[in-house]
Each structure stands twice: as C-alpha cells, then as structure tokens.
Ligand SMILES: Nc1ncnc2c1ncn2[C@@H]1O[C@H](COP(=O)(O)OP(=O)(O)O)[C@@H](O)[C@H]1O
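Starting off, we have a lone chain in the form predicted alone, written out as structure tokens.
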C-alpha cells in the first residue's frame, strides 16, 4: 500500500509530539515535519505520573492525560498536513505511537501502556488512525519493544554490509542488520538521553546538554561508571527492553549517593555510560558490524558521537540522513510505516527482536 501517511511519536523525554508526513512510493519520502512541544506543566505531570508519583485518583488523572494528549496529537497531525500542503483526502491514515506512561513487559501480568486517545485524533482530524501498536506483541509473549527495527530492516539493510542502526532517544536501542538480510535482531541497550537530560535539568536548568558541551568539560569518573554499568539490565541477554521506570532519576540518585563529584564530571560519566553500553552491545552481539547509522536526539550530541567513535574504531559512523531519512524523524516515519503495514494486513513486529511467539499485525484501527 503506497500513498501518504502521518506518523506521530512522543518518546521517553515526554517533551512533545513529533509529526511526520510521509509518502511511500514505495520507499519513504519525508514531505513535511512538525514538532509540537508539551506545555511545561503537562510534561512535569507526565514525568511524575510515569514515575508513580501522583496524588488523588490515579484513574481520573490517567483519563484526563489520555484525553489531553489525544487533542495535542491531533493538533500536531493537522499542523504537519498544513506544512505539507496536501489535501487531507489524500492521506490514507495516521500512525500514532502515543505517550508511554508505563512499560512492564515482564512479570506475572506483563503490560505496556501508551496514551493519547486515538478516538480523539480521528474525531479532530477526520482521518483513520492506527494506534496501540505495542500491546499485540506483548500478548504474544514479546517485549512490545523495540518496534522500529522492522522499519530499519525495510529501509536501511544492505546486501554485503553488516550494519547497526542506533536510535538514541531517551532510551537507546539498536537494530543489527546482517549483510545477508536475514536474522535481524535488536533491543534496548539502556539509557540514551534520559539520564543526561535529567542531570541537565537539575544542574543547568536546561532541557538537555546542547551538543554535549557540558559533558565534554568534565572528566569520566571510573568508579561511578563501573557502578552504573554493574546494573543487571546491561548483562541480560536480548530480547530485552527498558524505560524510564527503570533508568530513572531515583536510580541515578541512588548511584550517586556515595560519590561527591563535580556536576560536569557526572555529566561526562553519564555520556560515557550511554556510549559504552551501546558500543558493548554492538561488540557482543554483532562484532562484524561495518557501519553504524545514528538517529534520534543523540545524533546531535558531538561528545557522544566522539565517545562512540572511540569505542567503535573499526566502524564507519554516520547519521541516517546519509541513507535518506533525517535522524530527527526516523521514529515518526517508522510509525507512519507501521500504520501502512497494519492497513495492508502485514505483521509489523520482528519476533527475533521482541521475543514474541510469532509475527502479528499490530495496532488497532480507528476508522474515520
């Protein structure tokens, strides 16, 4: 199924909605993009709710957040349509990831929960919306994440070259693309920007460490780095996924309790943690990797890129822009692609990545 689709995505940072208007013919072509930032009070409410910090009736709060986000996601979709200057009647569907507020794929009752009511998105835009992509995979015994590797496989694979795609959002995840095109794997490696952003908000009163300048001004503390890397998650074999509920500000505070360090040294160490955990994952799971394609907000962190290059000296590092998709919009484009796959009746998950029992068509369809 070709045509125009919209992808809507909000990640671990919970700072706003990425909207991408994409044409598939059949390769994806980004026609327009738009970022709609959340009002700061809403972002704080989301972060607190996701961390389990709320007062009063949690169900009432969840319902209100679901409704408010549905309106904002619809607003982002309408904005990107306006930028793309095409008729709504030409758009096949919206693919909405929503906002993750809890991810618990393990345990007696595994679940993952993304909000931003798709009924409201459909009502406000007049467009068919595909949403709730992750829970079908969890129902099949999978992690429900990461889902974007299926898109990476479709768009970035190359016969004759072993590649890795690294998405550095709040959580970092990798997709390993063997040269033969088969046996694709991928998983969350651990923190991407989430801890660095939290430290930046605390120390710099800025949402992130622009270009990694603050991290570059500090020194990596080997004792703290070893303590961070000792977390059991880094040593679990894939398939695996994680989120803010594990790598939280509370987790970081506990690790810092016995270390009194300059703020810049903590930032340098957090940057090193992200680079080291990504590089270790690639070297353990795909030591034959020849090129690494970086996307997500971390693609703009020069210090992170420098540290990754140091850990992966035999790999060619570039952003996904060199392969046709701007690094800021890969995930939004991926959810446009996943909506396209759903409407075509094709599976959108990779069991080799998520651990699901079988490939399944993802998401629920909310017709216009």
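None of the values given here were measured: they were computed from a predicted structure. Positions refer to the first chain, counted from 1.
This next part talks about the form predicted in complex with the ligand, which is not shown.
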| item | value |
| --- | --- |
| Listed residue that, although the ligand is not shown, lies within 4.5 Å of it in the predicted complex (heavy atoms), from 239, 297, 98, 190 | 297 |
| In the predicted complex, the residue from 117, 272, 209, 143 that sits within 4.5 Å of the ligand by heavy atoms | 209 |
| 7, 132 and 137 each touching the ligand in the predicted complex (heavy atom, 4.5 Å) | no |
| Proximity of residue 11 to the ligand in the predicted complex, heavy atoms at 4.5 Å | yes |
| Non-hydrogen atom contact residue 105 with the ligand in the predicted complex at 4.5 angstroms | no |
| Contact flag, residue 84 vs the ligand in the predicted complex, heavy atom cut 4.5 Å | no |
| Heavy atom of residue 331 within 4.5 Å of the ligand in the predicted complex | yes |
| Among 192-200, 286-294, 123-131, 259-267, the region lying within 4.5 Å of the ligand in the predicted complex by heavy atom distance | 192-200 |
| Sequence-ordered list of residues in 152-172 near the ligand in the predicted complex, where near means a heavy atom within 4.5 Å | 168, 169, 170 |
